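Taking the form predicted on its own, here's one chain by itself in structure tokens.
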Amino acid sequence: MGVSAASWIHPVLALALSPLLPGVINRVKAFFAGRNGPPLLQGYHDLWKLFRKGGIASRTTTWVFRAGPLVNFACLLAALAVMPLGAVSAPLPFDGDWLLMAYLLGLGRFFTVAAALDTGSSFEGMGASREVQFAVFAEPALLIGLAALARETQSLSLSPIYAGLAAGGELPLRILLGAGFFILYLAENCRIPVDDPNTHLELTMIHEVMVLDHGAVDLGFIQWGAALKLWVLGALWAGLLPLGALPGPLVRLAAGAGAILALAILTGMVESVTARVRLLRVPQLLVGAGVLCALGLLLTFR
């Protein structure tokens, strides 16, 4: 599967459209609640406002505090370089890039947690400890799911993995991994039922509490990075759809982007009809995602 011009369009498309995803989710939630909700393009307005502001930092913080948002954003950009979409090859595919993608997400998480701990705030430390605790269950599930895809397609690169899956692949495997990846999508992006991104209750916050001391440009990179993470993990899920039969790479790329937007709509629907589970139940939810991915891996040994 060769690299085409459409492969390089994907990262640009992700950077341009990812801020739209939180707006889609919020509008769907507002629809279910009978409200008008914020504008669909609110995310772009927020980024424009934050990047024009000047920020301040506590004297107790070090360079780690300022590096956290930038490193996380850079890790997500690097993940886009190896992430295919709509059966269109990634810009920089190579054997083992699925492991690199998982480690890039982990590295971004590490620096976000380190930046929160660098503030010396016990409040942010609480959110950081929860983030790390849940990552212990989420990351193995993600690796097991990716290993199942690698074994099914007999490939070690995400681009041929999803190209082979688009051309064939068992329906039960798609269903199991689709359900498992959707749970991971909600958990990794701190969405309901794992976390409520709109809450300000200290006993329920995970991601939002880690970024309370960030502002201006730093907060802008955090919000843009959160939107990019929605896109990257959404692309993992969208790759399970049979888009390989569509004619032309641009059409497949557009279909993949449409699938990510549809996933955002589904996320808004889930958040509208479910409640956040107790923190003690979150590991059980993530273990369930791991079991679904493990069952998918077992199917590949048939």
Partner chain sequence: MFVHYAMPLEGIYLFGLLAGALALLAVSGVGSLLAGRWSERWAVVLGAGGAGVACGAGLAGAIGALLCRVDLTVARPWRMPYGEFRLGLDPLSAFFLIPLFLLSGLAALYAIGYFRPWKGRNPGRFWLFFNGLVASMALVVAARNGVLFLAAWETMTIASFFLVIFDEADSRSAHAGWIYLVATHLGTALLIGLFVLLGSGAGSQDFGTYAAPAGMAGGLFVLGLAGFGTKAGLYPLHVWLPEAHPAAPSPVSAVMSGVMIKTGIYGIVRLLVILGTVPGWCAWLVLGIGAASGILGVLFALAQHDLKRLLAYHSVENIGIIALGIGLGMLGVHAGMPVLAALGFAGGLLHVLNHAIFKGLLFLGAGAVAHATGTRDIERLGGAMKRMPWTGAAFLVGSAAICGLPPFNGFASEFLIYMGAFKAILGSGSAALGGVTVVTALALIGGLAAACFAKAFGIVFLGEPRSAAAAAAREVGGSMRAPMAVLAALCLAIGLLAGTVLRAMDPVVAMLAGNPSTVAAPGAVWVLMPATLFGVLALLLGGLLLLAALRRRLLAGRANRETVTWDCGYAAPAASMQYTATGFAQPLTQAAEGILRPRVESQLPQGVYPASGAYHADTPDVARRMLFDPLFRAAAERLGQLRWLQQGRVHWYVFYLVAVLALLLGWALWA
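Model, not experiment: these values are computed from the prediction. Positions refer to the first chain, counted from 1.
The following text describes the form predicted in complex with its partner chain, which does not appear among the structures shown.
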- Any chance F94, V113 and D118 all have a heavy atom within 4.5 Å of its partner chain in the predicted complex? yes
- Task: Answer with yes or no whether Y185 is in contact with its partner chain in the predicted complex, where contact means some heavy atom within 4.5 Å.
- Result: no
- Close approach of C75 to its partner chain in the predicted complex, 4.5 Å, heavy atom: yes
- Query: So, in the predicted complex, is R276 in contact with its partner chain at a 4.5 angstroms heavy atom limit?
  - Reply: no
- Task: Decide whether D196 counts as a contact residue for its partner chain in the predicted complex under a heavy atom distance cut-off of 4.5 Å.
- Result: no
- Query: Looking at G248, P39, G54, G34, which has any heavy atom no more than 4.5 Å from its partner chain in the predicted complex?
  - Reply: G54
- May I ask you to choose, among A163, V71, I206, A226, the residue with a heavy atom within 4.5 Å of its partner chain in the predicted complex? V71
- Considering its partner chain in the predicted complex, find the one stretch among 155-163, 188-196, 226-234, 175-183 with heavy atoms no farther than 4.5 Å from it. 155-163
- Query: Which residues in 274-298 have a heavy atom within 4.5 Å of its partner chain in the predicted complex?
  - Reply: L297
